[in-house]
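Single chain ahead, by itself, as structure tokens, in the form predicted on its own.
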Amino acid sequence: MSSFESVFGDSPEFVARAPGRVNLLGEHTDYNGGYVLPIAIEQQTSVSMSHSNSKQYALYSEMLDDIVYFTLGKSPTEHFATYVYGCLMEARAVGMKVPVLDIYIQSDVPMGAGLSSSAALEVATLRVLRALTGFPLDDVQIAQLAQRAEIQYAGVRCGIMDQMASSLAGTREALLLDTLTLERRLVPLPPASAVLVLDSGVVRTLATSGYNQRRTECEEAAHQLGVQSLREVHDISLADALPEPLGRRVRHIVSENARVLRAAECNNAAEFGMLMNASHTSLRDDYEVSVPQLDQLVTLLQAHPDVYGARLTGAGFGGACVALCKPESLHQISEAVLQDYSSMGLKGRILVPPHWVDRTATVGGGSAS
């Protein structure tokens, strides 16, 4: 395995890390100005930097075993490099003097699994820039710069949730975030509970078109209700006056915001789990972003006696499921559920916690299509 020293010939001057995240509750509410409840995961991205004597920035990815050279003012063509390039440009835009750098990326955040590997990369990059330059940036500003970098330079029209979670959340405390005002507070997990994330093995090939369609539907519903965003709607019965599917979309957003706020005040794992179960039902029936494989995996999780609740997490149309479980049973739950899932010709894998990934990363056969 390579290292900063083997690639660049010396030790890095500064290193910073940032975690991935999983969203416990509050799905598709962020672009409606609503509430979200993400939590950081143990897997992290590390970014190391040193001043360079070259005229070009050198960016090496350990995961891809690829090095990219670029200058500011001309974006690199390699997609992973655009996230770092965007952070450098956004930092410079707020007055940071960004020197030419050697940059090394290492990460164990699973890529393409809906755990915000991109936000972890952005936040870690901005954290190490802050350390290297001494430029004053607080953790909220880092999240805001990271979001702008992803929108402007990586071409992803993302909300602020992922970057705020990576910058501010902990692994035992979720971040209750009002995406409209950025008001926030940390919320501990209920006692005797832990988070499990399983990948369905279904690649989210429809996420982009479906995601954009849902955004458009929410905007049209808000327009018909005479509000700026669905955040302003609190009476779920107003959805009855709208044509379908707009009424269903409103029912999900209003009920999901209420679930997030209720969960934030909940100190009981069983009650929290019931809210997660209700969230999945709403995402499946009212928001229509689930697929049969996700439904099957959620059903298996919900049926396990040591699981409090489970739901799809992320945009849907494939991807992962999150469950709140008894901590002492995480290994047994994941093995039993993935074994049953594989008996249906499907292949899943453990994403969080990462402790058993090398040993039981996948169970059973089938196509991960």
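Residues carry their position along the shown sequence, with the first being 1. Rigid core (definition): largest C-alpha set, two forms, superposition within 1.5 Å. Computed from a predicted structure; not experimentally measured.
One more form of this protein, predicted together with ligand GLA, exists but is not displayed; see below.
- Query: If you drop ligand GLA in as it sits in the predicted complex, superposing on the site C-alphas, does this form leave room, or do 3+ ligand atoms land within 2.4 Å of backbone or C-beta atoms?
  - Reply: After superposition, ligand GLA sits free of the main chain and C-betas, so open.
- ligand GLA: the contacting residue among 135, 211, 153, 80 in the predicted complex [heavy atom, 4.5 Å]: Partner contact (heavy atom, 4.5 Å) among the options: 211.
- Query: In terms of non-hydrogen atoms within 4.5 angstroms, which of the given stretches 186 to 194, 160 to 168, 292 to 300, 105 to 113 touches ligand GLA in the predicted complex?
  - Reply: Correct option: 160 to 168.
- Query: With the partner left out of view, is residue 70 within 4.5 angstroms of ligand GLA in the predicted complex by any non-hydrogen atom?
  - Reply: Residue 70 lies outside the contact set for ligand GLA.
- At the 4.5 Å heavy atom threshold, is residue 58 in contact with ligand GLA in the predicted complex? Outside the cut-off, so no.
- Is the gap between residue 319 and ligand GLA in the predicted complex 4.5 Å or less for some heavy atom pair? No, residue 319 sits far enough from ligand GLA in the predicted complex that none of its heavy atoms falls within 4.5 Å.
- Query: Would residue 26 count as a contact of ligand GLA in the predicted complex, using a 4.5 angstroms cut-off between non-hydrogen atoms?
  - Reply: Residue-level check for residue 26: yes, a contact with ligand GLA.
- Query: Going through 313 to 351 from first to last, which residues have a non-hydrogen atom within 4.5 Å of ligand GLA in the predicted complex?
  - Reply: Those in contact are 314, 315.
- Task: Superpose on the rigid core, then tell me if the C-alpha of residue 289 is displaced by 2 angstroms or more between the shown form and the other one.
- Result: Yes; that C-alpha moves by at least 2 Å between the shown form and the other one.
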